[in-house]
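Starting off, we have a lone chain in the form predicted alone, written out as structure tokens.
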């Protein structure tokens, strides 16, 4: 059964001190419902990662559905760390393909800037295995820094070369009205910025922001569908990149890429546009290589040579600006990715547009690869 994306609602990622968690989510949800030209759905699936700890709100899906006036709808709450938004899309597709729902509203939301940063980052440690690793780990930036050092030493890649990945993201984000950091940066400035985990700096790192994104998924397109979901899948992995046989090749990401090829016959490198979960520069290049977009040790060089931007010979990667520049409202990020891809494929994206794009791919590895999630969408025109 086909699953069509008929509505998209996106809010600008930023600091929304004037909105509550529910109000922020409602903005995206109403925009998605309006763009789909419907006012009723069979199910509401809500993705959030930190709201339960930061905002203290349980049963977020039930409360949000009630606030939206969607009384009687089935409700599901999804939490899968960084990849919660893609997990929610997968769950919504499963409801439709199982015949349990014909119309599903997917909402991703997290509101983080109301809270002390040290508290938020402490809670983000729970993306690691909580009983041991989260208590004694060096943090996400520390692990990303070690991976960057390993990558540089193994492949002979210089620090200056790595700097082109975040610069690429920012060059794309300056066109994106939803981006938290919509401005270009000079690659030469990246190594000189404040160190967060040597060799990585602040300009290699994602910003935390508030954000909400929403989709309407339907079994039958009415009006103009933006795109259709061809495959939504996930795979469990080890609790950390460091536990893989090769820390620079997370097995969970390799598994979802292999499943994409097996189920659809499509390799990630053969899609037109990709939204990739690059929390840090090193994570971006590792995911790109694990998907087969570049040969091992080449992703940073490919970014430097312009292969992943308009006019390059590879897929356009992160036209939104990626997690580095669009921002990373954690539980909402995967919904942003799919919504952005749907608008790309329908020719409605208000940012950097990949004209003629027919296929788009969204990929996230939660935490440090404890699970990987992938969604493939295609145009319907």
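Since the structure is predicted, the reported quantities are computational estimates derived from the model, not experimental observations. Residue numbers count along the first chain shown, from 1.
One more form of this protein, predicted in complex with a further copy of the same chain, exists but is not displayed; see below.
*Asks:* Tell me, please, which stretch of 234 to 242, 260 to 268, 162 to 170, 295 to 303 lies within 4.5 angstroms of a further copy of the same chain in the predicted complex when heavy atoms are compared?
*Replies:* Of the options given, it is 234 to 242.
*Asks:* Spell it out for me: taking a further copy of the same chain in the predicted complex, does every residue among 57, 66 and 128 have a heavy atom no farther than 4.5 Å from it?
*Replies:* So, yes: the whole triplet contacts a further copy of the same chain.
*Asks:* With the cut-off set at 4.5 Å between non-hydrogen atoms, does residue 359 touch a further copy of the same chain in the predicted complex?
*Replies:* The answer is no: residue 359 has no heavy atom within 4.5 Å of a further copy of the same chain.
*Asks:* Just checking whether residue 97 would be counted as a contact of a further copy of the same chain in the predicted complex - the rule being heavy atoms within 4.5 angstroms.
*Replies:* Yes.
*Asks:* For residue 77, is any heavy atom within 4.5 Å of a further copy of the same chain in the predicted complex, or not?
*Replies:* Output for residue 77 is yes: heavy atoms within 4.5 Å of a further copy of the same chain.
*Asks:* Is residue 344 close enough to a further copy of the same chain in the predicted complex to count, meaning some heavy atom within 4.5 Å?
*Replies:* No, residue 344 stays farther than 4.5 Å from a further copy of the same chain in the predicted complex.
*Asks:* Work out which of 187, 250, 81, 209 lies within 4.5 Å of a further copy of the same chain in the predicted complex, going by heavy atoms.
*Replies:* When a further copy of the same chain is considered in the predicted complex, the option within 4.5 Å is 81.
*Asks:* Judged by heavy atom distances of 4.5 Å or less, which residues of 153 to 170 approach a further copy of the same chain in the predicted complex?
*Replies:* Stretch hits: zero.
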